[in-house]
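The chain below stands alone and is given in C-alpha cells; this is the form predicted on its own.
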Amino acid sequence: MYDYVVVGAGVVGMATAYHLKRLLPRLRVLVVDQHPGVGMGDTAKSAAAFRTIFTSWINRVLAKTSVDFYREVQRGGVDLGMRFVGYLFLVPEENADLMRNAAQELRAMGVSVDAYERLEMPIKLRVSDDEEAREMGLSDVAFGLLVRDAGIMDPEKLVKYYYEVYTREGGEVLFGTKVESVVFSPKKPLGIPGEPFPWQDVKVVGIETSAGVVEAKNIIFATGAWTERLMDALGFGLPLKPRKRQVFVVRATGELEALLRSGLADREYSPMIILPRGVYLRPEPGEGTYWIGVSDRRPFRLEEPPEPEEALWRFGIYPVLTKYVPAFEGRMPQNAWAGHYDENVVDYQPVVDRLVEGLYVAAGTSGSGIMKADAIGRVAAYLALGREKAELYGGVVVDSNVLRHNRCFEEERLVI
C-alpha cells in the first residue's frame, strides 16, 4: 500500500514526488509512467525557455519562485543548462499600446524591461515596403521589448535533478507501465455486490495498470496532454485539452551565427526572439542552432506519436520568419520534433485540484510547464498532504487550493 502514487514522470510529476518526499521523508511514494524512463514525454520535447513576466499575479508567482529555485540549484553546482539570455518581443504596430502598458506594469513591479526603437541585429523592423509581406498582412515592428529575467534551460537536466534526489531519498518508480483506471471504494461500504454505486461517496484505493493493480491511498495525475483523456474516462470534466506543438532546428551559420552571438543588455548570446504572428526563435548556443516554432491555432487533439509536419515549416513559419529575419532565406531544418501543449482553455493557467478523496490532478500548464514546475509541484504536494497553505521557494505562501479548477482568475494576456 503506497501513501501516494504520482502518475507521470515528466517535470511536473517528478517535482510533485520530490516535494512530497522533501516534506515527509517517511512517505511511501511511487511514480508511474508509460515511458521507459524519466521525462521522456512532452518534457523532453519542450523548447525549454523560461520567463518570469506574466500579466496575471498567480502566473508571476509560480514562474518567479520556480526560476529562483532553479537558479539556486545551479548555483549549488548542479548544471541545469540555465542561460539568462532574455526574451525579446518584437511588438507589431497594432499591439504597441497594449505592450507599452504591460511594460509599465512590469516596471512598477520591479521587473527589468528595456525598449529598443532600433536593433543592432540582422532583423527587419519595417516590412510594409515588401509586397508579399503586405499580402500576408504582416505588420511593421513598433519596437523591441527585452525582458532580462528570462532565458533558456535544459529540460532533461532539470527533470533528472528531481528524479535523482527523489530516488536517493527512497522514492520508487515504475516505468513502462500504463495507468488504465482508478480503483474507487465506498467510504461506507454496505457489502452489496457492484459497489460503489453512483449515490455513494467514494475514496481512492489504487490504480489499475498494465502491470496489475497498485494499491494506494492517494493518486496524483500529473499527466500533461494525456490528462483530458484520463479524466474524461473517470467522469471529471476539466478545461484541459492537448494541442500539438512542433520545433524545427536550423543551424546558425553565416549571418545566423552573427545573430546567435548578438546578445542584448551585455548578454553573450541572442535572446529568445518572439516575432509577430507567434513565430519564435530560441537560441541553442551549445549546438550552434536556433530552435524555431509557432503558436499555431490548430485543432485540439492528442497525437500518438506526434510527428513534425514539413508543411508547417514551409507554409506556416518560413514565410513570416524570412520577412523579419532575411538571413533564414534558403535555410531548411536539420532536425525537428513534435510534442503537445496541455492547455487550460479557460485562463491558460495550471490546475492543481482535489477531485474526490484521494484523487488529485496537477496539469494545464499551457506551454509553460518548465518555468512553473517547481511551484506547481509544491502546491500539489501541500494540497495532497492536506495542508491549507503551500510554501513556495523563497518563503512565498499561497493557499494550497489556489489553483482549483473552478477558481476565478484574470485571464493571462501575455500568451505567446
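This one's a predicted model, so the numbers in the text were calculated from it and none came from an experiment. Heads up: residue numbers just count along the shown sequence, starting at 1.
The form predicted in complex with a small molecule exists for this protein as well; it is not shown, and the discussion that follows is about that form.
Asks: I'd like to know whether Ser56 contacts the small molecule in the predicted bound form, with contact meaning heavy atoms within 4.5 angstroms.
Replies: Contact with the small molecule, no.
Asks: Consider Pro242 of the chain shown here, and say whether it contacts the small molecule in the predicted bound form, taking contact as heavy atoms within 4.5 Å.
Replies: No, Pro242 sits far enough from the small molecule in the predicted bound form that none of its heavy atoms falls within 4.5 Å.
Asks: Quick one: does His35 come within 4.5 Å of the small molecule in the predicted bound form, counting heavy atoms only?
Replies: Heavy-atom contact with the small molecule at 4.5 Å: present for His35.
Asks: For Leu30, is any heavy atom within 4.5 Å of the small molecule in the predicted bound form, or not?
Replies: Contact with the small molecule, no.
Asks: Based on heavy atom distances of 4.5 Å or less, which listed stretch (124-132, 310-318, 71-79, 338-346) is in contact with the small molecule in the predicted bound form?
Replies: Flagged stretch: 338-346.
Asks: Any chance all of Ala9, Gly224 and Met371 sit within 4.5 Å of the small molecule in the predicted bound form, going by non-hydrogen atoms?
Replies: Yes, because Ala9, Gly224 and Met371 each have a heavy atom that approaches the small molecule to within 4.5 Å in the predicted bound form.
Asks: Just to be sure I understand the contacts: of Ala49, Leu383, Val351, Val67, which is the one whose heavy atoms reach within 4.5 angstroms of the small molecule in the predicted bound form?
Replies: The option sitting close enough to the partner is Ala49.
Asks: Which residue among Leu256, Val202, Leu230, Val250 has a heavy atom within 4.5 angstroms of the small molecule in the predicted bound form?
Replies: Of the candidates Leu256, Val202, Leu230, Val250, Leu230 is the one lying within 4.5 Å of the small molecule in the predicted bound form.
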